[in-house]
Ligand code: C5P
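One chain follows as structure tokens, the form predicted on its own.
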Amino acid sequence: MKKDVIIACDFASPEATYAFLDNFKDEKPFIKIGMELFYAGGPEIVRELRRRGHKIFLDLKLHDIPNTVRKAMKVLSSLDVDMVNVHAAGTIEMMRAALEGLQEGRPDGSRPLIIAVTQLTSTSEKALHEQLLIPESINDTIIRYAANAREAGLDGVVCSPLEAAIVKEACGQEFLTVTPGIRYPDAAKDDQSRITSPARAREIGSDFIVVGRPITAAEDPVAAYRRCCADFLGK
């Protein structure tokens, strides 16, 4: 799958999502369905957006015992999504089980890309040490989690764009980096701690950028999306 801009459709209802996507007449953006929207719309919103021609990153961040994650991934794979994720903190065994579930979910042997969340972009190093009681630096933690994901057979990780280069260095250029935390210098950080611009994310080595409020809350979402594509993809 080629590099792309993924729009985070973090809306409270299917209706709000459809209304937002109706703005796009000439494009079919790659979209992210997160917890809020999936819990509001269920599997049917995934099926409907697939019918409309969108590629889908189903961002549910599974983190449970290996057997539960394997069974859940089997169900999610059957929804014909393009990308799913788990928390890398769930261990190598859990990530391997997730991959097995994806492979079991489709009779043709295909599967979605599967990536692991290293550390959320809202997590600061201070919180890592004081609240999660992880003494290592955030970069060292992310590299270890990424290495675990690679050992489990996953396709890549979610990390902030600031860590994409070190993940590539540790795990190889073919190992995917999917990076939220994208903001323009003239925009608010909102609740993100580790952020950068689309152009800088391209330079650092991100394969996919996930962009939410800079597009979804823009006065002209289509123009904002095209700006991101121009900066990140060069088109």
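When you see a residue number, it is the position in the sequence shown, counting from 1. These numbers were taken from a predicted model, which means no experiment stands behind them.
Beyond what is shown, the protein has a form predicted together with ligand C5P; the following relates to that form.
- Contact with ligand C5P in the model of the complex, judged by any heavy atom within 4.5 Å, is made by just one of 69, 210, 49, 37: 210.
- When contacts are judged by a 4.5 Å heavy atom cut-off, residue 77 does not count as touching ligand C5P in the model of the complex.
- Though the partner is left out of this view, residue 183 does reach within 4.5 Å of ligand C5P in the model of the complex, counting heavy atoms only.
- Shown alone here, residue 121 lies within 4.5 Å of ligand C5P in the model of the complex, counting heavy atoms only.
- Put simply, residue 228 is far from ligand C5P in the model of the complex: not one heavy atom of it is within 4.5 Å.
- With the partner omitted here, the stretch from 23-31, 175-183, 37-45, 196-204 that lies within 4.5 Å of ligand C5P by heavy atoms in the model of the complex is 175-183.
- For the partner-free chain shown, 8, 10 of 1-18 come within 4.5 angstroms of ligand C5P in the model of the complex, judged by any non-hydrogen atom.
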